[in-house]
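The chain below stands alone and is given in structure tokens; this is the form predicted on its own.
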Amino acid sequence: MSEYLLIFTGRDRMKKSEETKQKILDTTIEMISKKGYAPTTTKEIAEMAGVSEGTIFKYYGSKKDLLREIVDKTIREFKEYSVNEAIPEVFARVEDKSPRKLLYLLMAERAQFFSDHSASMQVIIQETMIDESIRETFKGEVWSEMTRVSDKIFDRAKELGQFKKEFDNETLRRVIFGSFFFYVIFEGMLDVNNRDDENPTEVIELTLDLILSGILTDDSIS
């Protein structure tokens, strides 16, 4: 066999190998997001992915390694998109640097990522409840970045006199992002309200209005 043919044969094998690995990963994400990690078996994953159980162990070693790869891959994509691309680009491009606008952009970007990676994020959120290593990874890689970016916005708002200085940043995060994560996780991923026609950007706008302006009418304040 010529060297030229060997090169292309090797490339085809590598491509097929990567496609097989991705198929296994996608199938695992789908099954765990629906059934949970513990009830999902590698035999079921293999059958649904159309591969042998031995192929799964060849590429990933164990079901635990598969879970770890899902977590690591999703967080890598989150950081590449949010930290390196979307957030810096948006913050640099937008003319309105008001804290409210920046908070809206931050929340809208996170909502979009969670929507695009719904099954993977569902797996991560499920497993953070019971797996300390995944919980620590999420805190260290995802939540720490949310903290860093939101601190800049909150500090700017206080400097401009738009936010009360007696509220520390942790309290502000708890109130603002608590509402946001309820919407993204419970209403988005779990679909508790079954509202398919809802516009996420409008929900985020209304949520911020509610938090920043309050729910009481001027006439009700005594």
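Every value quoted in this text rests on a predicted model; they were computed, and no experiment measured them. The first residue of the shown sequence is 1; numbering continues from there.
Absent from the display: the form predicted together with the DNA. The rest refers to it.
task: Could you confirm whether G178 comes within 4.5 Å of the DNA in the predicted bound form, counting heavy atoms only?
output: Contact check for G178: no, nothing within 4.5 Å of the DNA in the predicted bound form.
query: So, in the predicted bound form, is F57 in contact with the DNA at a 4.5 angstroms heavy atom limit?
result: Flag for F57 set to yes.
task: State yes or no: in the predicted bound form, is some non-hydrogen atom of K43 no more than 4.5 angstroms from a non-hydrogen atom of the DNA?
output: Close contact exists here: in the predicted bound form, K43 approaches the DNA to within 4.5 Å, heavy atoms only.
- prompt: Would S52 count as touching the DNA in the predicted bound form under a 4.5 Å heavy atom rule?
  reply: Although the DNA is absent here, S52 would touch it in the predicted bound form, with heavy atoms inside 4.5 Å.
query: Looking at 26-34, 154-162, 167-175, 57-65, which one sits within 4.5 Å of the DNA in the predicted bound form if you count heavy atoms only?
result: Checking each option against the 4.5 Å cut-off leaves 57-65.
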